[in-house]
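As structure tokens, one chain now follows by itself in the form predicted alone.
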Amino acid sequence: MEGAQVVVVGAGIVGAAVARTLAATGFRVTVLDRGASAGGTSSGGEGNLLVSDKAPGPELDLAVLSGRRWRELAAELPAELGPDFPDVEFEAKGGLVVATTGAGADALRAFAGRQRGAGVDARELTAAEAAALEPDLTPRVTAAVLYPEDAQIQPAVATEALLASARRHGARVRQGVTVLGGVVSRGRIVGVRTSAGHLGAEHVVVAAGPWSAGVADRFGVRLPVLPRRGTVLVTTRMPHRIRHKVYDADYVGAVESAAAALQTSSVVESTAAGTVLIGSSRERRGFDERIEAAVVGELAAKAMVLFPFLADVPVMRAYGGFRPYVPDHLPVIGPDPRLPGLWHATGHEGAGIGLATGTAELIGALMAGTEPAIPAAPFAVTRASLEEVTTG
């Protein structure tokens, strides 16, 4: 299988990670994107590399694997690309999850306990210990858990770094090329039709984030990926007063919810540039790009609950993005038996940046016919929890 021609559809962070992994192991890789690299979901997130928001199970296993690989890449990429390439701003800052109500405290402690049972470093803190870590944190803390494994990265730069590394291993990256469909012979993929002509390929990996369902449809398969809108606020620059990624305990519930209506919870962190990022919102409303005042207002109000000093800090801008939502809240990773040669690496919702490296490792192992580091079956497009929406 080594040396086979692979087309990766999507030049976001998942597609970039997949391209790098495959190219480094001997596959001939071409990345296609109808727009610019890192021009979609990867440029609209906060750069979260989290284990703190994931319950024990396959996604947590993938997050742990990805976290290890990101830490390795934080050293490998600068050495490989040289000092002139922009810093990916990897920061192992840790996450601090806090509750401000009695019910929230009970839920947070129970959740952290389950994670510790799965091997996650989740350290319960007293209110005084939390205040020592974050002096500007609200005094209304009823429970706090520190997650030292949480980290952050600059997602757009990280995407470009992975693509640059993939190129060094022989991959090609073509922007402004739309995939129109597959070329099929004897029941399997032998190429793709694009706006720039036909391209031969033995494998096609759909890594188009929230647009993956549309791409899959062009190959004649149904993929239950929907766009879920998120909005982030950015403050003006100031001296660093927030040392960790800090979020309220409601965030985990918002991540796991299947509701289409607007949900907001508070996620607050500083960046290397000196701004503060404030999230997060989730709602399903198609590809409606409007940023609404009501969403901005909710995000700001909840952030001030955690850090009251933010009331005096100007918001410089707001930006949004679409996350690839799957009904059972697990990404779709691996081959599609409905069309041999077609693969998926999508559906990570808001966790794609953090899960990109582990996703790439799974795709690389499966395509090479080797044993993956973690079981791949829970992410299969044929899993029982997706069967009705993929075949119905």
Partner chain sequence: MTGVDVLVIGAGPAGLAAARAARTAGARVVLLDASDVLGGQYWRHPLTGARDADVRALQHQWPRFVALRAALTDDPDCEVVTGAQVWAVDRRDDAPPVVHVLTGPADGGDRPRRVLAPRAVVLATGAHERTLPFPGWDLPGVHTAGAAQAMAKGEHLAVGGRVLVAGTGPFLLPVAAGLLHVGATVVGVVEAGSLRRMARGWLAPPYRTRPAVLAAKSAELGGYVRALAAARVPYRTGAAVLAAHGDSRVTSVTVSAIDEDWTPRPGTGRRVAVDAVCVSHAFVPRTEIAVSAGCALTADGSVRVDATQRTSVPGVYAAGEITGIGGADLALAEGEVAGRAAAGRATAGGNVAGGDGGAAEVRRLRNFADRMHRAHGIRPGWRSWVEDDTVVCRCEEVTAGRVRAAQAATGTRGLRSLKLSSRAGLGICQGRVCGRNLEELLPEVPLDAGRTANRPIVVPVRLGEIATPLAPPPATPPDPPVAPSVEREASP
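The shown structure was predicted, so the numbers you read here are calculated from the model rather than taken from an experiment. Residue numbers count along the first chain shown, from 1.
Heads up, the form predicted in complex with its partner chain isn't pictured, but that's what we're talking about next.
In terms of contact with its partner chain in the model of the complex, the residue from V315, V221, V183, L133 that brings a heavy atom within 4.5 Å is V315. G40 is the sole member of G47, G40, G334, G67 with a non-hydrogen atom within 4.5 Å of its partner chain in the model of the complex. With the partner omitted here, the stretch from 196-204, 90-98, 306-314, 141-149 that lies within 4.5 Å of its partner chain by heavy atoms in the model of the complex is 306-314. In the model of the complex, its partner chain stays beyond 4.5 Å of every heavy atom belonging to T126. Shown alone here, D288 lies within 4.5 Å of its partner chain in the model of the complex, counting heavy atoms only. Heavy atoms of R243 never reach within 4.5 Å of its partner chain in the model of the complex, leaving it off the interface. In the model of the complex, no heavy atom of D106 sits within 4.5 Å of its partner chain. Along 165-190, a non-hydrogen atom within 4.5 Å of its partner chain in the model of the complex is carried by R167, Q175, G176, in order along the sequence.
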